[in-house]
Ligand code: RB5
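Read the single chain below, which is given as structure tokens and is the form predicted alone.
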Amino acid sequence: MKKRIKVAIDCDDAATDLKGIIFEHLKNSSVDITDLSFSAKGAALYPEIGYNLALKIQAGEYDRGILICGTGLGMAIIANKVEGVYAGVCHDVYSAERLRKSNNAQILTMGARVIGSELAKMIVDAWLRSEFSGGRSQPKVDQIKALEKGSFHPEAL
């Protein structure tokens, strides 16, 4: 039996409606979805929300994460500040597939002001059913990890 993927989801105040739609869409699916609701704990801004989820991915609490803000851009920027965590903004199905298959990204970011809810569901579904393919992409992902190490640990170079 295949292990259920553990997925965390969160958003800022610009994306609460879309987060709710995605959460409901995934609630009865083959993934184990958790709404972190970090923003509900106070007046959190998207950097805190995205960083919180990315740290949980880094710690292995979740296999993947979905972050939603107005454009998805800010969430991708902050999530990529956590070592070993890779995030990308996607507003189409093909990019979502490539985010996993070619780049092994654990976090999908989207913009509630950019896409509608039906497209968002298709993007999430495509990303969740995609797996890293290795192959020709493996040396590129390895190089990302090596360059990242130099950024987070310059003394190691």
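Quick note: we count residues from 1 along the sequence shown, nothing fancier. All of these numbers come straight from a predicted model, not from anything done at the bench.
There is another form of the same protein, the form predicted together with this ligand; it is not shown, and what comes next is about it.
Using a 4.5 angstroms threshold between heavy atoms, residue 70 counts as touching this ligand in the model of the complex. The closest non-hydrogen atom of residue 41 lies beyond 4.5 Å of this ligand in the model of the complex. Although the partner is absent from this view, residue 46 contacts this ligand in the model of the complex, with a non-hydrogen atom inside 4.5 angstroms. When this ligand is considered in the model of the complex, residue 21 lies well away from it, no heavy atom lying within 4.5 Å.
In summary, the region of this chain contacting this ligand in the model of the complex, judged by heavy atoms within 4.5 Å and restricted to 23-31, 99-107, 126-134, 62-70, corresponds to 62-70. For the stretch 97-127, the set of residues having any non-hydrogen atom within 4.5 angstroms of this ligand in the model of the complex comprises only 113.
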